[in-house]
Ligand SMILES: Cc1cc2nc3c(=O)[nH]c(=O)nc-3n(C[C@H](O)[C@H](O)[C@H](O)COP(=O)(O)OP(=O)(O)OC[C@H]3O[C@@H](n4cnc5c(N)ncnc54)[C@H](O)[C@@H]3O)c2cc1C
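Take a look at this single chain in structure tokens; it is the form predicted on its own.
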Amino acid sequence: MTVADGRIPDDVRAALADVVGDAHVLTDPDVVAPYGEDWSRRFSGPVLAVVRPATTDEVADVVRICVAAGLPVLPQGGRTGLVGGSVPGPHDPPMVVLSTVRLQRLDDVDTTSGQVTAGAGVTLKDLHDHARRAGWTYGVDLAARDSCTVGGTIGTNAGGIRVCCYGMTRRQVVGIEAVLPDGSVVRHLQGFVKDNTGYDIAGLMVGSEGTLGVVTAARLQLHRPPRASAVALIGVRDAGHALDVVDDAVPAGSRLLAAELVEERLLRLICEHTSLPWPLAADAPQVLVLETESAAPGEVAMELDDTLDVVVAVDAADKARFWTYREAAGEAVTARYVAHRFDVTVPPRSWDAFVAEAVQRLGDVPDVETTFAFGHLYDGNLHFEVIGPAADDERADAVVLQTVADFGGSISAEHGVGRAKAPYLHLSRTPAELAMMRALKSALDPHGLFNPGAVLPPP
């Protein structure tokens, strides 16, 4: 069976419509086009059709139909990714986007285990609201919470602002349900803390970016929420100074909830974009966003030097406003530029040296106009943005990612590998590791139809 002129064969479309309903098989080019471009606007590719199943059984049937027809399948959540993993690439064959947005299962919270089972299409915000009503919190939170989905965050092993307290998505996933590329369903959702029955299938699916199957639901570990918290904006000299402040700031018996850093030039852009005022009494090269747990509402559990330029919020509205100074970073840049975005990890104490070295090396790259740096300071996850080169110009990418490798870092911290970083995966993985990944991919997806081109570089 062949695809002519970028159109899905009529018999395949009819078979898919029999499974999910005609309204949930989208083929109009104008309608499906947005499903082929991610939030960064750097990555886009051809979409053959968008199929929106509502149950795991429907997902399995859709997979069987597509694989039998030899059509590439791309599982897709909220499309908030920044590395091209959630959309086809410009040189990829037209793909069937399998949208998970209708997989809206959300079970009652098990208050004994502190766990909940959620469908892949549930947004992070809805999951947080659901957990909060039951007296719990979910450990992964990020600025795209209104749009990103449980399945997408599992596919990329998302991090966010609470990693220093709760860990990455992989730490929250205690059970998985997924449809494999042969249409079979693996379902292991008990969530037992002690379950040593062989390979960790859930761990394998986390971070696989739809290359090994479609995550349809997950059993998630929740946490007891902070009793209360305070958020501080603190002027600091550099990342090293900020780390010293954080190390001294959290008293015994309190938890560090977040430690984020934004450089001045970017914060000025954020202020302009949001119409917020500069938050401190004086200028500062960097602004640290620090949140710690308090014993009771209205209290501030932070030990800060009197010489620091600090503003502190304890009221919910003020805390939300303070967080806008950090969470609007990506939005502020996107509103003005099509940026080359780098989500990387470097040792936290090397943050300043890395930024200086990367900026120096980028001076030799034509068309680079400026850079911005911000991110999750305490776990070393730096978001480094390069402005100027065309979207398809890879020269800046090669320079930045090689610099990451030279500093002993990871070329992907929390956004996944996608298509953007697949050619550079050897900078963070050994040949033996890459061979093992290829063996897993080949075993589960022998025809190479699931999100081809993502994660693994061409052989």
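Quick note: we count residues from 1 along the sequence shown, nothing fancier. This is a predicted model, so every value here is computed, not measured.
In what follows, reference is made to the form predicted together with this ligand, a form of this protein that is not presented.
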| query | finding |
| --- | --- |
| Option from 224-232, 194-202, 307-315, 136-144 whose residues, in the predicted complex, bring a heavy atom within 4.5 Å of this ligand | 136-144 |
| Single option in 72, 88, 181, 159 placed near this ligand in the predicted complex, where near means a heavy atom within 4.5 Å | 159 |
| Contacting member of 220, 236, 131, 148, with respect to this ligand in the predicted complex [4.5 Å, heavy atom] | 148 |
| Site test, 79, 82 and 214 vs this ligand in the predicted complex, non-hydrogen atom cutoff 4.5 Å | yes |
| Residue contact check: residue 376 to this ligand in the predicted complex, 4.5 Å heavy atom | yes |
| Heavy atom of residue 120 within 4.5 Å of this ligand in the predicted complex | yes |
| Heavy atom of residue 407 within 4.5 Å of this ligand in the predicted complex | no |
| Heavy atom of residue 415 within 4.5 Å of this ligand in the predicted complex | yes |
| Sequence-ordered list of residues in 30-46 near this ligand in the predicted complex, where near means a heavy atom within 4.5 Å | 39 |
